[in-house]
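What follows is one chain in structure tokens, specifically the form predicted on its own.
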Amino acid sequence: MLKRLFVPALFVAAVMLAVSPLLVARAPLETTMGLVQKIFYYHVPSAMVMFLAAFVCGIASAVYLFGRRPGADRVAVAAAEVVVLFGIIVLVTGPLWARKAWGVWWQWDARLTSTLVLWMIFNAYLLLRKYGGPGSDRLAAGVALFGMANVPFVYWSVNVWRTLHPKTSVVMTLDPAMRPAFWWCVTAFVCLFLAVLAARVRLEEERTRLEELYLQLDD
């Protein structure tokens, strides 16, 4: 299924991302922050995709851990890399926005710190897969489940603790004139996620086949 999604998802993502700057430019300025608030249209969708990828990685890891399905393991590895990729976007666009909104690049509050920790968990997953040796696939699957379990904590942290970061209600209370550009960007990022995930799963399948061929040559 993912193979068939690659071309249409990539095409839709490319078109939507090309159009998104026009919609973002036409969206009204936020009264307090002004132009810098438009980072919101890329920062929040990238965070949403990071959470989505974390869930995909965690669920695929559970399927592999309890069902021993190699295909699920390949999806988990691919999704973990997507978490790290979109996490970088979140951790770069966030401070750019924060510098103008808060006067500082970074604050060690609940949302920012927990997001950084989540990103580091999936980096640990990838490092474990690469350097952990025999059995690292099952151990990494447990790390992925732990990372997935942290997603609700990261999401709700701004509602539980006092923090500079806006609460989760900011999306629901968004100015109606800003919603078309925001949801357009969300859809574009989701399509990009599907395209990247499909490409990475295919690459992982080819890598597995190559390793099998090397093993056959050794025999």
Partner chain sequence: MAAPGTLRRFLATAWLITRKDITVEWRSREIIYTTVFFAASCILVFAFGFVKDGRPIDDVASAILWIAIAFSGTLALGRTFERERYNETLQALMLAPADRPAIYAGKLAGILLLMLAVEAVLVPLVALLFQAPLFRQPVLLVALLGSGTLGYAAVGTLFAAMLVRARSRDVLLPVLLYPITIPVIIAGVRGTAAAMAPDGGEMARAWVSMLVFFDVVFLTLSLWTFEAVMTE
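Residue numbers count along the first chain shown, from 1. Please read these numbers as outputs of a predicted model, since none were measured by experiment.
The same protein also has a form predicted in complex with the partner chain, omitted here; what follows describes it.
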Contact flag, W102 vs the partner chain in the predicted complex, heavy atom cut 4.5 Å: no
Mark L145 yes when one of its heavy atoms lies within 4.5 Å of a heavy atom of the partner chain in the predicted complex, and no otherwise. yes
Residue-level question: is F55 within 4.5 Å of the partner chain in the predicted complex, judged on heavy atoms? no
Does the 4.5 Å heavy atom contact test between R68 and the partner chain in the predicted complex come out positive? yes
Looking at 22-30, 154-162, 176-184, 39-47, which one sits within 4.5 Å of the partner chain in the predicted complex if you count heavy atoms only? 154-162
Scan L85, A98, I121, A110 and let me know which has any heavy atom within 4.5 Å of the partner chain in the predicted complex. I121
